[in-house]
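Taking the form predicted on its own, here's one chain by itself in structure tokens.
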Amino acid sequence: MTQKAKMPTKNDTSKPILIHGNQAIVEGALAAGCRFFAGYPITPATEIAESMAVRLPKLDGTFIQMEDEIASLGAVVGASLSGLKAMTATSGPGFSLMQEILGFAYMTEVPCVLVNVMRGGPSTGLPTHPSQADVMQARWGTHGNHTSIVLAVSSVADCFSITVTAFNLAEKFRTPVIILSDEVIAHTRERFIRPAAESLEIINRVKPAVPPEWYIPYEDTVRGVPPMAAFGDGYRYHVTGLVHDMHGFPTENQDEIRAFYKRMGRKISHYAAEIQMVNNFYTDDADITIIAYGSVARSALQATETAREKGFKVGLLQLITLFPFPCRHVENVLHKSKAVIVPEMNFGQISQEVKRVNSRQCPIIRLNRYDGNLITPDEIFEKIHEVL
């Protein structure tokens, strides 16, 4: 499945604007209906909070600068429980602090969006340089059994459309959704035409259709996603980080525990095809396929087009959804390619996922950089040339 959120067309009447990735994330969030933001300043994500502080009050929304990142995500969870679409944004150190509350949001099935504008780490690391080293933290950072939805942006247009998609997925599946950006995308300015509001698909959470006395807050529905009442609407229910029964109360009953975890996994795994998004460039006849995501996908596309101009059959599979990992799309190019190159600004986190699904034993070549600089098109083309 390819990216769902609709992109600008030639028929759009809005004027082109020049904005950077962080601003485009804000525009996408507001278009999706976000009306609450809580956050704490951190490089290179601060512009998201700054823009939200200006834009939200004009839309009768709420912006709060919290005392730290832990409180920020806690406020977002509370706002979502009260019925608002809510988000926060941070970078690596703040993302680390948010993991406990993120686990609470998974356990209580609270829809929200968390943006991590990645920078070099660990610890303070390289605050003003890009990285892709938070990929596995996004999937596994909080403890316990949970299924994550993690999306990656690679352009200003992506930052808008994928943020809209992130809110849609959060609302549809009652779950936190993580967007991974990085310093390059955050501060790259590009010409952008905002799509007309009527062209956007906007999904809102399902609300109870029964009287309050009949409401079962964690009911096992056909999709595994219970309707969600807002606090203050007359529907009383219990929210706890403990494993709970269908009514929200803690349980140690083994049957209820197993049923809870199975439903939590099923609501994502059974509908993974709806979540897994990729872009294919020249992959139909590619002998060598590059698998890339985020800002590195930009370099990879230029390298791919350069290789094509020189007569080499090279393709690019750009991953938009990182988790649930798009195994089917990856397997498709592995079966058709003589070799696959995976460039990443880390030690090779997604390349390990590619190797995991490589049943054909197609050669997987890594290209890693972790010195705070973007992998360039020339570096990727040089690796293509080596493989050839």
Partner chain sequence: MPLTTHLVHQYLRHDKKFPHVWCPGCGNGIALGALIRSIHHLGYNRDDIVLVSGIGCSSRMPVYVDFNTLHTVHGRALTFATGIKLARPHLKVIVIMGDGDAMAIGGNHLIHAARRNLNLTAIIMNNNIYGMTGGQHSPTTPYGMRSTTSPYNHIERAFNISELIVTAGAGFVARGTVYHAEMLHVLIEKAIQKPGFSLVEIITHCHIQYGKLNQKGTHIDMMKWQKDHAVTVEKAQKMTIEELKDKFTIGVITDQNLPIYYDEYEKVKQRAQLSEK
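Not measured: the values here are computed from a predicted model. Residue numbers count along the first chain shown, from 1.
The same protein also exists as the form predicted together with the partner chain; that form is not shown, yet it is the one meant from here on.
**Q** When the partner chain is placed as it is in the predicted complex, are Asp60, Phe63 and Glu256 each within 4.5 Å of it, taking any non-hydrogen atom of the residue?
**A** The answer is yes; Asp60, Phe63 and Glu256 each reach the partner chain.
**Q** Please tell me whether any heavy atom belonging to Pro226 falls inside 4.5 Å of a heavy atom of the partner chain, as the geometry stands in the predicted complex.
**A** Because no heavy atom of Pro226 falls inside 4.5 Å of the partner chain in the predicted complex, the answer is no.
**Q** Given that the partner is absent here, does Ala71 sit within 4.5 Å of the partner chain in the predicted complex, heavy atoms only?
**A** Yes.
**Q** Spell out, yes or no, whether the shortest heavy atom distance between Glu100 and the partner chain in the predicted complex is within 4.5 Å.
**A** Contact with the partner chain, yes.
**Q** May I ask you to state whether Phe249 is within 4.5 Å of the partner chain in the predicted complex, using heavy atom distances?
**A** Yes - in the predicted complex, heavy atoms of Phe249 and the partner chain come within 4.5 Å of each other.
**Q** Residues in which of 113 to 121, 171 to 179, 262 to 270, 235 to 243 have heavy atoms within 4.5 Å of the partner chain in the predicted complex?
**A** Among the candidates, contact is made by 235 to 243.
**Q** Could you spot which one of Val278, Val156, Ala138, Val77 gets a heavy atom to within 4.5 Å of the partner chain in the predicted complex?
**A** Contact check passes for Val77.
**Q** Give me the residue from Ala230, Leu200, Ile193, Leu126 that has a heavy atom within 4.5 Å of the partner chain in the predicted complex.
**A** Here the answer is residue option Ala230.
**Q** Quick one: which residues from 26 to 40 get a non-hydrogen atom within 4.5 Å of the partner chain in the predicted complex?
**A** Read in sequence order, the lone residue that approaches the partner chain (within 4.5 Å, in the predicted complex) is Phe36.
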